[in-house]
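The chain below stands alone and is given as structure tokens, in the form predicted alone.
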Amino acid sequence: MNGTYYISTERMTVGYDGKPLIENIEIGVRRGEILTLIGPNGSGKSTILKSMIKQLRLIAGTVVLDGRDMAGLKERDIAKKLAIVMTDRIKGELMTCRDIAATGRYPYTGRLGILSKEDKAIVDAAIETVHAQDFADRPFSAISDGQRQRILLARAIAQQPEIIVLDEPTSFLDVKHKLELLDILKNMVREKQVAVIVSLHELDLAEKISDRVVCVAHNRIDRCDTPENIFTDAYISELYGIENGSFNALFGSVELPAVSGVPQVFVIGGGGSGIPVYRALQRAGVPFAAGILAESDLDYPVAKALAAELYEIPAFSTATEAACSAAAERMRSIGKVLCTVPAFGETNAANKDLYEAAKEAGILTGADAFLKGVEA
């Protein structure tokens, strides 16, 4: 990977009507790299992107594109290097989706904008890349927001740029097409060494796709680092000011706050089997106790976030007699037990003992039946 930034900012200050919002911004992205902006709504992510691509006038500083000050470059020259996919609505009356995608070739055509046979082939390939062949000849004004987003990406691909800037490109897409779009970007980065700057709300996607992450908050660039260093429970909670709930770095997702109160049921889980039940109980407003879980167990982080009481042991350790006794006593006092574990291995002997004790005491109930009763 080239160590030189393909596009970068030097002491850039952005804002509106001459009033600074964020000052002295210095970020950059290399070819073959994805740089992602995250942060709370209104923090300035879109303002930064619009200022970098000249949609907003800089208050101060410089944007350097391929070693040259963008302020001195002609629009056509910029368009041959940089493509844009923004959330702003574009007017496409009387234009088909193919017509919109074809505008990506205009930097390369003559004044009349007439596409050559080669240009048309490039547009067709771009439409195929975003899987939009089925509606390519429909009016752009007659398709869904998600389909429009795919066409705008096709237009950007048709430009054959060296950098793509995208502002919330997954906003109107369903899960399938979100993954397809990000896969397309990742392939372009890997195969064509395109540089990508993107802003995202979906933290799980940002964590998976980014090479580096820029965190925007409190009228400043709060941090710029690798996903491994950014996506921690503590930092994401601080960045977004999460108070009612928590961020789960393991799953790249947020969890709602635990239901407070005296536990109404004890859940024997483990290996990921308890997670759907923990979340179902939380949705139903049922406080619960969970255990015995090692800190290394897949269930542990969700149980930690959602359980009113958690019986836990250190990672990769065996439950002590004291821990087993405490969990068993609490289980019997609650009087209702759900077991989500399909089978117990040698390392889970403590929970097998809990299961057998609950069964013998007649307090074991099926998770499905219990949840249906709660919902009713």
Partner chain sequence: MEEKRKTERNASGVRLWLGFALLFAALLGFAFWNIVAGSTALSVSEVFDGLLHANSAHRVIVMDVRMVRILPAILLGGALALSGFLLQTFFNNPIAGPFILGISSGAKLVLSVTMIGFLSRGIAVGSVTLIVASFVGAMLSMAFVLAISYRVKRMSMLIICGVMIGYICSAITEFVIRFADDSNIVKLHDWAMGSFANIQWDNVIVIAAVVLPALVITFLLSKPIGAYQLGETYAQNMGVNIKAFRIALILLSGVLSACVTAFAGPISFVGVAVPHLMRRLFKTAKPIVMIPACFLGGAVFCLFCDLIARTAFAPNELSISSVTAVFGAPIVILVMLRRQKEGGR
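Source: prediction; values computed, not measured. Between two forms, the rigid core is the largest collection of C-alphas that superpose within 1.5 Å. Residue numbers count along the first chain shown, from 1.
The next section is about a form of this same protein that is not shown, the form predicted together with the partner chain.
By the criterion of a heavy atom within 4.5 Å, T62 is excluded from the residues contacting the partner chain in the model of the complex. The partner chain in the model of the complex is approached by M95, whose closest heavy atom lies within 4.5 angstroms of it. Not displayed here, the partner chain is approached by G110 to within 4.5 Å at the level of heavy atoms in the model of the complex. Although the partner is absent here, E75 is a contact residue: one of its heavy atoms lies within 4.5 angstroms of the partner chain in the model of the complex. Stretch-level contact analysis of 183 to 191, 133 to 141, 294 to 302, 211 to 219 against the partner chain in the model of the complex, using heavy atoms and a 4.5 Å limit, identifies 133 to 141.
The putative spot formed by V265, V286 and S333 is not touched by the partner chain in the model of the complex; no residue has a non-hydrogen atom within 4.5 angstroms of it. Screening T170, Q159, S273, N248 for any heavy atom within 4.5 Å of the partner chain in the model of the complex leaves a single hit, Q159. Note on contacts: among I84, I122, V196, I236, the single residue with a heavy atom within 4.5 Å of the partner chain in the model of the complex is I84. Taking the partner chain as positioned in the model of the complex, the residues of 142 to 175 that bring a heavy atom within 4.5 Å of it are, in sequence order, L152, R155, Q159. If you fit the rigid core between this form and the one not shown, you'll see the Cα of A142 move by 2 angstroms or more.
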